[in-house]
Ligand code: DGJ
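Only one chain is given next, in structure tokens, and it is the form predicted on its own.
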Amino acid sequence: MHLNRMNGAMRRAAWIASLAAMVLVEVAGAAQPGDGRSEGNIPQLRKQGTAMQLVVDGNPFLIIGGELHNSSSSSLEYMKPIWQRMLDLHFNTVLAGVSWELVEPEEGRFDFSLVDGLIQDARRSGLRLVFLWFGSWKNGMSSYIPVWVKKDYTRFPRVRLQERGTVEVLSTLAEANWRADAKAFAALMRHIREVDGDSRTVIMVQVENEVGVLRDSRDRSGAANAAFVGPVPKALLDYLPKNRDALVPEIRKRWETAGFKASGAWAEVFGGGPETDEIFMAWQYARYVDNVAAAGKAQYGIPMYVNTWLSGQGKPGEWPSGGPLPHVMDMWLAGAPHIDMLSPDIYAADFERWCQRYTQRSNPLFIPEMNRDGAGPQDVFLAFGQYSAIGTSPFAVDSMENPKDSKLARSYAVLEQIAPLILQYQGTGRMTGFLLNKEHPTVTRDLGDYQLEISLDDIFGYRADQGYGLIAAVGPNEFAGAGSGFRVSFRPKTPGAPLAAVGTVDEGIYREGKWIPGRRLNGDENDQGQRWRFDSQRLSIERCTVYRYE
């Protein structure tokens, strides 16, 4: 969780089809023994067309959320004024940390008073929660583990780096480590089911935080070294040929270059170098995290995801080596079947590229961390409209000054209104989202019976510097859109009259899903009927009709 760091479930392959079926049953809410709840009651993932959506209380749910600072949720008193700030930002969901050190301060003694208070306060505020399990790792480090784990470094082994020696980071290669974490996480999930299973305030859980080895490409402890020179696990070797044509390019290329081997040590199957170290660590982290997630899902099977510190220029270890990055995605798909989403923390400028990479292999897109300022409030329209995001969540939202007047509040106020529209059209091919700037001033998209040319708004010779929004084809000749700084022209794609023009444009609002029109826009506001315009000086919601002529 790093405000200024810029570089900072139905996607399973055939070999784990049976596991996937088991996971989806869990995620769909398999009844727990004696709890009296039916399968359809708990939060779950459900496919709509090409999109995966989160379903809460039987209805699709769009997470319009924000993530708190790391320590904010450790005090109910500190949180008291924050709940209203979240409402001022038009959130429906808050992402809040829950740490192992506070849940299990002494081994075998669990304290859920903080968890209970957060759930109760969120419920009073009409907000949902996504809990972030700060267990074995947070930002690749092990600072949130209980003191009793920190002190017993013999029982709970640490990572060893090539040049720095032992570091205060739990090793993935020690069974005692994941078993202790999994025991605490299972207790947490069991408690959440008991106190919140009927109300469903908690709708998802993040398992660990930005895992991976820093300052080296892999763990070099004795156990890790032995595993690295030992054989690649059979489960992974079975996965590779069964998914040969679908593997992410980086994994396929290394395996192919090494000769598509069906057995051998890691360097024999994937070649040498730090890239193979990262592949090795990705498998180790995936298996560890999956063990923790499986223990939690056995108690309460709501959706679970892992988040990612993104890579930049450099080499593994300059970002957490082994985290669920796109270029090692297959290690996580193969190794962590109980994880439903691999989720990017996007602070980088190339926002759309990361959205593209994290929708590979039908991975559902959820963005648990992103910029709250700058381009962040614009990027959310692209994520929801073009990449069918389950939700977005800018980081450190509780420290925003004047939240009501922020760009984020304005964007989220619009998303709050059009959420039903977004959910209706995600995965149908009838909605698009976009970002425009001087380097990329135009995009062309096919929607319904028309090709849309979407470009930066230009009036009286003044072209906007940036434009953003989303558009849905809501009828044969009707469109709904939201955004700022762009204009749209239409070209027919189907037989009939060859030309198209704007019939009507109305600005307005959605109230409880119902469209309420305001001004009828004409003249300069729609280029005399030639284009559908969104003024760059404001963020608006509009509906447009189109007609054809010769």
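Keep in mind it's a predicted model, so treat the numbers as computed, not measured. The numbering used is simple: start at 1 and walk along the sequence shown.
The next section is about a form of this same protein that is not shown, the form predicted together with the named molecule.
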{"query": "Sole residue of E369, D340, D219, E278 within 4.5 Å of the named molecule in the predicted complex, by heavy atom", "finding": "E369"}
{"query": "The unique member of Y450, W83, Y387, Y347 whose heavy atoms fall within 4.5 Å of the named molecule in the predicted complex", "finding": "Y347"}
{"query": "Contact test in the predicted complex: F395 vs the named molecule, heavy atoms, 4.5 Å", "finding": "yes"}
{"query": "Interface membership of N70, the named molecule in the predicted complex, 4.5 Å heavy atom rule", "finding": "yes"}
{"query": "Distance check, K138 to the named molecule in the predicted complex, heavy atom within 4.5 Å", "finding": "yes"}
{"query": "Heavy atom of N307 within 4.5 Å of the named molecule in the predicted complex", "finding": "yes"}
{"query": "Candidate stretches 501-509, 486-494, 517-525, 62-70, one within 4.5 Å of the named molecule in the predicted complex by heavy atom", "finding": "62-70"}
{"query": "Residues from 196-225 in contact with the named molecule (non-hydrogen atom within 4.5 Å) in the predicted complex", "finding": "N209, E210"}
